[in-house]
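First, one chain by itself: the form predicted alone, in structure tokens.
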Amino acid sequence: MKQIVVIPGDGIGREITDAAILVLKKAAAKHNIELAFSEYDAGGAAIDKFGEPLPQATIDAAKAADAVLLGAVGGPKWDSVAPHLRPERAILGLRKALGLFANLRPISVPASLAEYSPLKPELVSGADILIVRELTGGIYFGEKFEAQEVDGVMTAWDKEYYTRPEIERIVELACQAAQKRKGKVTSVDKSNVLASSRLWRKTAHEVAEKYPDVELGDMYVDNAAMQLASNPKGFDVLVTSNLFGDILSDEAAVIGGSIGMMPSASMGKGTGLYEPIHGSAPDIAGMGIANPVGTILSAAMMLRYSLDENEAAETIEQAVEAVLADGYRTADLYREGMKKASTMEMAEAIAAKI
């Protein structure tokens, strides 16, 4: 029996996690997988109940689980709380508690959604990219010097810092992911300027030697940004640092035309965390119009990476593509002539294809 901790969170979180669980149960039944679900609080909901964004009970349950499915956290209701109590601190706390050092973000554009992309359909149709972002190192976690006057001039700085082991483990994960895909990894850095990037590039090539079936290439981050917009089908797996990955993954998310379609996985030493990349959307919470596909595809990633149930993951992904091909669309993607579906109607249509 696999134990799944569900954290609905705030805003539309419960609606989209309920939709994902409906689909998960159908796929699990088809593939004879035993799943047990338990629910815990984090984010604004936890602040309201317990006075803190990430209760210890949630951390303990997540550590003991086989996987965590997260909806979304945050909202204007908690904008005025102290910085250490903000709902978003729950995400950082979970990443730290679970030792999550890698964020995996797949970007795929089936032909049925190519018209929604801001890029030309022929450029994006069939694009299938996996961005692997280092999650716990780099400039976000390096030493900081807050703005203050130095020799009469206001000054601030942030330190970009990486160690060889941090780079090795993220590149190894990217190479292992590529072995299950097209066998191509693009390592993104800025080694012509940054010392940390020169260590990144050197280490990446040394790690890749252990994976002779994987082709490793290098690309400067500015060129990678340009190529994502001009030739996204040229990428398979893209691996990069925390800062560069943050920027490039958000750029790539636009390719698909709707952020509501985008899943993600955070992985590391312990339990994997799976969540859609969009926010809590409090303005539409409770209206039944949120797009659950990002969360449903996150659940498919959970089956693949944490539960080693690749066939069940493929079943869900194929069901999603079939429903989209049939013309079902939630409000964010609806156009004249399509079949407009509520959050649960979309989930039910996907479950019916399984």
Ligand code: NAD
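All residue numbers refer to positions in the sequence shown, first residue = 1. Given the structure is predicted, the values throughout are model-derived calculations rather than measurements.
Heads up, the form predicted in complex with the named molecule isn't pictured, but that's what we're talking about next.
*Asks:* I'd like to know whether residue 279 contacts the named molecule in the model of the complex, with contact meaning heavy atoms within 4.5 angstroms.
*Replies:* Heavy-atom contact with the named molecule at 4.5 Å: present for residue 279.
*Asks:* Does any part of residue 18 reach within 4.5 Å of the named molecule in the model of the complex? Heavy atoms only, please.
*Replies:* Output for residue 18 is no: heavy atoms all beyond 4.5 Å of the named molecule.
*Asks:* So, residue 134 and the named molecule: in the model of the complex, are they within 4.5 Å at any heavy atom pair?
*Replies:* Contact with the named molecule, no.
*Asks:* Determine whether any heavy atom of residue 174 comes within 4.5 Å of a heavy atom of the named molecule in the model of the complex, and answer yes or no.
*Replies:* So residue 174 does not count as contacting the named molecule.
*Asks:* Tell me, please, which stretch of 144-152, 85-93, 106-114, 228-236 lies within 4.5 angstroms of the named molecule in the model of the complex when heavy atoms are compared?
*Replies:* Contact criterion met by 85-93 only.
*Asks:* Within 4.5 Å of the named molecule in the model of the complex: all of 168, 204 and 217, by heavy atom?
*Replies:* Judged in the model of the complex, none of 168, 204 and 217 sits within 4.5 Å of the named molecule.
*Asks:* Quick one: from 138, 74, 256, 272, grab the residue that has a heavy atom within 4.5 Å of the named molecule in the model of the complex.
*Replies:* If I apply the 4.5 Å criterion carefully, the residue I get is 74.
*Asks:* Identify which of 122, 222, 283, 209 has a heavy atom within 4.5 Å of the named molecule in the model of the complex; exactly one of them does.
*Replies:* Of the candidates 122, 222, 283, 209, 283 is the one lying within 4.5 Å of the named molecule in the model of the complex.
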